[in-house]
Ligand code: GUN
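Quick heads-up: it's one chain on its own, the form predicted on its own, in structure tokens.
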Amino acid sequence: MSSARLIDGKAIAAQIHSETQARVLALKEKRGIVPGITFVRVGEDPASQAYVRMKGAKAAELGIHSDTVVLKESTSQEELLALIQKLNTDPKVHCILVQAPLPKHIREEEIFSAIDFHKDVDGFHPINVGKLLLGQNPLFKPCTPAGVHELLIRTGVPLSGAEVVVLGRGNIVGKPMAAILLQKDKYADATVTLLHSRSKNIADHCRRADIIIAAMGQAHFVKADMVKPGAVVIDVGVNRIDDPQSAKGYRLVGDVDFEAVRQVAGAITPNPGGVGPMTIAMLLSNTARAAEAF
């Protein structure tokens, strides 16, 4: 049996970055606008440091101006809200990204709601989320599900009428992913089943699916016997598992048992190299969009 076709997220992200770079150049030449994004990081979480650094470096490559504001772990919610209000009114800041996770004493939902929805590059503001659910074309869609959608579109995966299983009901991936694929649109119109930790007969649902999008946060959750032959499998998961052979003592794996599932699926994303690069691509595409709408 031949193995599944690999969906190359790096290559597709590079296409989107090229398109974003052209849009940024057009903004500068035609309107004198340099798209600007401000990253806000609270505390010294190593993963958050790496994510913000990587996003800023790619923004610079595309001609997007970025600033990073680093606040102490002890920063109060009121202090963070005051900073957001200041950035909301700064005309040079087209987008604001508050890097999650935030310290436990800060309520993330209140922070995301405080960002001006015109600058809500992550697509988490209630107005953008509400517009997505209502099919009213929000200014921004959340970057990871939007990236998955682009992967499916640009690899020619049929979506209209397709049976799609989304594993995970989180606000960052699962719920918006289902909403995107349910829209009345030539690049949607799917039949979506949203499953989660309390769902029954998960394997049975998966075996009926033309497309499985795994965002459960459980290492190697999707096994080969859960996948219909020829199905498309998108792995969004990032999980840390022990690995004595690694210098760090662990390695990162997805929600899909990749080596086994690739023998059954028709197409599959590698992990890493699948969905991850698309998240940054959509973030910077959103940044250009914010400046275009300014």
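One-based numbering along the sequence shown. The structure presented is a predicted model; accordingly, all values stated were derived computationally and were not measured.
Only in words, not in the display: the form predicted in complex with guanine, which the text now covers.
Could you tell me if T75 has a non-hydrogen atom within 4.5 Å of guanine in the predicted bound form? Flag for T75 set to no.
Answer for L195 alone: is it within 4.5 Å of guanine in the predicted bound form, judged on heavy atom distances? No - in the predicted bound form, heavy atoms of L195 and guanine never come within 4.5 Å of each other.
Can you check whether V164 is within 4.5 Å of guanine in the predicted bound form, heavy atom basis? No - in the predicted bound form, heavy atoms of V164 and guanine never come within 4.5 Å of each other.
Wondering, does Q183 line up within 4.5 Å of guanine in the predicted bound form on heavy atoms? Contact check for Q183: no, nothing within 4.5 Å of guanine in the predicted bound form.
Could you tell me which stretch in 94 to 102, 149 to 157, 207 to 215, 125 to 133 has residues with non-hydrogen atoms within 4.5 Å of guanine in the predicted bound form? In the other structure, the partner sits against 94 to 102.
Report the residue, out of I202, I172, I106, L71, that has at least one non-hydrogen atom within 4.5 angstroms of guanine in the predicted bound form. Of the candidates I202, I172, I106, L71, I172 is the one lying within 4.5 Å of guanine in the predicted bound form.
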